[in-house]
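Below sits a lone chain in structure tokens, taken as the form predicted on its own.
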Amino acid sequence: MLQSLAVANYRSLRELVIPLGPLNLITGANGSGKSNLYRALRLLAETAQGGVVAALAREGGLPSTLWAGPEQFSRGMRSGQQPVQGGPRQQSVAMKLGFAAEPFGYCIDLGLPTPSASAFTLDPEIKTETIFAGASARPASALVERRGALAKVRQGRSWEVIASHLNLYESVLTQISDPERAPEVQTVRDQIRRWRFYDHFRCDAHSPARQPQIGTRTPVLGHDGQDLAAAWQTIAEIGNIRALEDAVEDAFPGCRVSIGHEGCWFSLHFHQPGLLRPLSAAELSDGTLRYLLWIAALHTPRPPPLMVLNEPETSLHPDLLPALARLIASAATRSQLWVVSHASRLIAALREERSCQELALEKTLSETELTGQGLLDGPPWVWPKR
């Protein structure tokens, strides 16, 4: 489980370190930085897939994603007695992402590329990466360190160079694969690759979830929900079918779901009391279909270490939100959950769950802050030096 998440100089997140628990509810007004925090977590996920630099380039490169305010706010700036203004830069341009977890934490520092003849001017360079044990990347807790093109691993009281010609635009997580000399790299890479993000289920008239699909065993619902019928049948065969049925009954009393299959083609059928035939997925309302997608996603027989739900209330009737909260709370007993929401009814229902930790964001002088967190209240965190 992630214990804390740290972000520096990414969009509105100038310097933010937040604690994490089993169920994390991210709230705040529009423009408070919820989407930026979500994007930062997705960028961290890209490090293990080899795509963090490409993802930043798609956002416009470092010039577009870096914190656009001053390095520090003076007391006068915060009180309004002085105008917000910059000064001579004291530190290197850097965008930093990291997390602390069991057994290992990880952080990455991206900076401006070294001047060269390359045409890829939007690609930042990876300056440092660190895998560490404990709450933060202190020098004594570092296990793997990468500085530019060189990476070394701790061997007792000394260090051993494991690579000296790393690509500056690719993470150490995708360039080093040595389970004997650097098992920590493999552990962190595998952990991050198992993170699961759901932020857009297609429910329009032409969405794949509404159409019969070729079915194979699907323990993990696709991010767009196109394999809903196969995922549902997989849960029924190798997962907790009773919990699946109870989730449908909780949201739609008297209803049930069955999966039809003709040869290799699978289709979902929704049975309602009073109807002489089941409704196909193509006939369901957007809200009903989306809720069934959430049931399939959260009852996966292969729970990930971290599951991130971005605005799961979209298209749902307010009366369904208490049931959705119960569904999320149940999933939080199997995976660490991260929920970004605007819906007051869903937020109120999740607040009642004992495992829920609400992280309310707000903006001061365009900087995202955690409501109520003072300078000494956040989790311990140390960024490695370049």
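Since the structure is predicted, the reported quantities are computational estimates derived from the model, not experimental observations. Start at 1 with the first residue shown and count on from there.
Although it is not shown, the form predicted in complex with a small molecule is what the next lines describe.
- A residue is said to contact a partner when one of its heavy atoms sits within 4.5 Å of a partner heavy atom; T333 fails this definition for the small molecule in the model of the complex, lying far away.
- Using a 4.5 Å cutoff between non-hydrogen atoms, L44 does not count as a contact of the small molecule in the model of the complex.
- Contact check for H342: a non-hydrogen atom falls within 4.5 Å of the small molecule in the model of the complex.
- Although the partner is absent from this view, P70 stays clear of the small molecule in the model of the complex, with no non-hydrogen atom inside 4.5 angstroms.
- Proximity to the small molecule in the model of the complex, taken as heavy atoms within 4.5 Å, picks out 23-31 from the listed stretches 351-359, 23-31, 47-55, 319-327.
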